[in-house]
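Coming up, as structure tokens: structure 1 and structure 2, two forms of one and the same protein chain.
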Structure 1
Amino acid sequence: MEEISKRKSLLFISCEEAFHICDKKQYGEASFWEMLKLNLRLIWCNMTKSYVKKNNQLTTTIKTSRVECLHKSEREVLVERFNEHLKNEMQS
């Protein structure tokens, strides 16, 4: 009996765990075993289905947009240069 319940817990996951695996999947960090558990849950859980759909859509949207931001080092250079100007402006 205990053995069966152990096997069940290995295969059947909670919604929270499914969401977590789905998040990891967006960055290619979900393992084969995790994907299997997620796909199993997807068969019958509507909440998981809805989350996976929205999450995949978000990833596609971000990729399509080609949105960009500054790297930390680039920002630091910007801050350093701007602070010099700020200091000069305050003094004048």
Structure 2
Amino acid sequence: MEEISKRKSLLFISCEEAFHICDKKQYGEASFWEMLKLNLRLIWCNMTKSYVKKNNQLTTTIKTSRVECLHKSEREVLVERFNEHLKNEMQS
């Protein structure tokens, strides 16, 4: 009986483990064995399917976004202005 439970634990994973593998997959860090276990769980678990779907949507959105970040010097100026404004507000 113990051998059967060991086999189960090798093939069947929890939702939390499936979520972790899904995150690893997003960054290309999941192994073939992990992907196999994730795909097996996807066959029957709606919660995992939903998580994977949302994670894939997030990945696609981030890859296709055209977000431009501030340069370091621009950020420093913004922080300086914010601190000045905050200081003036506290004095009044």
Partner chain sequence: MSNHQLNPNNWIDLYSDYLFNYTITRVNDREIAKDLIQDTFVAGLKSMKNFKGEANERTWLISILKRKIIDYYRKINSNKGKAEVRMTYVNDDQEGDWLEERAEDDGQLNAEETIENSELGDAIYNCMDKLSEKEATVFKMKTILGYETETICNELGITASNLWVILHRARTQLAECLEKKWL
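One-based numbering along structure 1's sequence throughout. Rigid core here is just the name for the largest C-alpha set that superposes within 1.5 Å across the two forms. Values in this document were obtained by computation on a predicted structure and should not be read as measured data.
Here the chain coming from the form predicted in complex with its partner chain is structure 1, while structure 2 comes from the other form.
Each C-alpha goes to whichever rigid part superposes it better, and by this rule residue 81 and residue 46 end up in different parts for the motion between structures 1 and 2. Relative to the larger rigid part, the smaller one has turned by 50° between structures 1 and 2, according to C-alpha superposition.
Superposed on the core, the two forms differ at residue 66, whose C-alpha moves 3.9 Å between structures 1 and 2. On rigid-core superposition between structures 1 and 2, the C-alpha of residue 87 is found to move 15.7 angstrom.
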